[in-house]
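Taking the form predicted alone, here's one chain by itself in structure tokens.
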């Protein structure tokens, strides 16, 4: 049970949940490591799926914070520090990325020299798809994300001590340049880590597709964290039904956005009917993958669309939290659908590595997040728009 000081907006007693999360995380990774020796290909695919899921939450939060500053949002001020704490898990995701470098040969066909020598397409792509350039790009990506995250977080903490207008402007300028860099780095990371799993296939919209899913993930995650914090009396006086309502509107909007991008990608490839493009969807319409494809259509769009379109669904915290859990599950399914068909060609086959890798990375992610949450005030106490955020009424 957490204890919270309403005067300082700080957690005085973090409780035991963080410690339990760390234990579960370490145990999950330890058990997953066994999979490295039993079935390396399955292990690395499961690990990649878990990594991208939690990475999407951290990166979605970075975008949320930058967007908040760029549009000078008022309603989200009381949620900004929570999003900043999630954003600051990006350095942790760099550590979780490193094991993937050991599995490049198990994940990516283009890393095999004999395969490249026998394939004209891979030869044409070799100047870009090679291990050295792949690692260099990953280093640049994480360098950009970590730099923007740290600069924004430090400025936010500085604002707590000295609410100068210059600090607010600085965060807006950092976000303006950061969001441009984010667009390029996130897109190319999606190309490198996911699209190149099938190096013959290509889609210029793929980066936006993964990005749209990360927005669904972070809004769902914020809803869940805020709900459970309020259940323990934390931020009850600083957040209201209005904040859940706006989070619900964003969840609905980004769910529709994901569906629009997903359909656009499918429709353009279907219409062009180019074999190098259509094969990717053909592989996801084989055996039991057909059921997963239909589940995504119904569970990631149709069902949440007709539920979240109602005003009441967005204003009932318990109901919205249930939907947030469902959307996070569908995010995991979406990534599984993107990653696994290259390994499981005849149909999906769930592995215990999928679970242990997920809870391994997730447990440590949650522990690190709770530790950072307890280290600073839970709201930007000197933000000039704080009072307006508390009194905000959603329209």
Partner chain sequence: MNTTAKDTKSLDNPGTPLITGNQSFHSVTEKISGIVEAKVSPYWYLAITISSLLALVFFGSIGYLVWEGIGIWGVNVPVGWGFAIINFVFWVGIGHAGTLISAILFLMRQRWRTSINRFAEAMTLFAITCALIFPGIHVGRIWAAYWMFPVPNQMGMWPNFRSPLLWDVFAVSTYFTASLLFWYTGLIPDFATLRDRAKTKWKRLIMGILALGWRGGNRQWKHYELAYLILAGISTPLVLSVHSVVSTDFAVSLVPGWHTTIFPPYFVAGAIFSGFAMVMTLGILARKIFGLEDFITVNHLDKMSKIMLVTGMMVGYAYMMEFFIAWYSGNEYELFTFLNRAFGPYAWAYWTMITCNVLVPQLFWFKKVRNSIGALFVISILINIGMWFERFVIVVTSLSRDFLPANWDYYSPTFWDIATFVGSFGLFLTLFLLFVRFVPIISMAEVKGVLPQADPHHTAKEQAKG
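Because the structure is a prediction, the values reported are computed rather than measured. Positions refer to the first chain, counted from 1.
Not on display, but discussed next: the form predicted in complex with its partner chain.
A heavy atom within 4.5 Å of its partner chain in the predicted bound form is found for one listed residue only; from 142, 188, 325, 228, this is 188.
When you look in the predicted bound form, the only residue of 97, 201, 289, 153 with a non-hydrogen atom within 4.5 Å of its partner chain is 201. The putative spot formed by 74, 184 and 196 is fully lined by its partner chain in the predicted bound form; each residue has a non-hydrogen atom within 4.5 angstroms of it. Here the chain stands alone, but in the predicted bound form its contact with its partner chain, taken as any heavy atom within 4.5 Å, falls in 176-184 among 214-222, 82-90, 176-184, 142-150. Put simply, residue 276 is close to its partner chain in the predicted bound form: some heavy atom of it is within 4.5 Å. At least one heavy atom of residue 246 is located within 4.5 Å of its partner chain in the predicted bound form. In the predicted bound form, its partner chain lies farther than 4.5 Å from every heavy atom of residue 282. Using a 4.5 angstroms threshold between heavy atoms, residue 264 counts as touching its partner chain in the predicted bound form.
Looking at 113-136, the residues that come within 4.5 Å of its partner chain in the predicted bound form, counting any heavy atom, are 121, 124, 125, 127, 128, 129.
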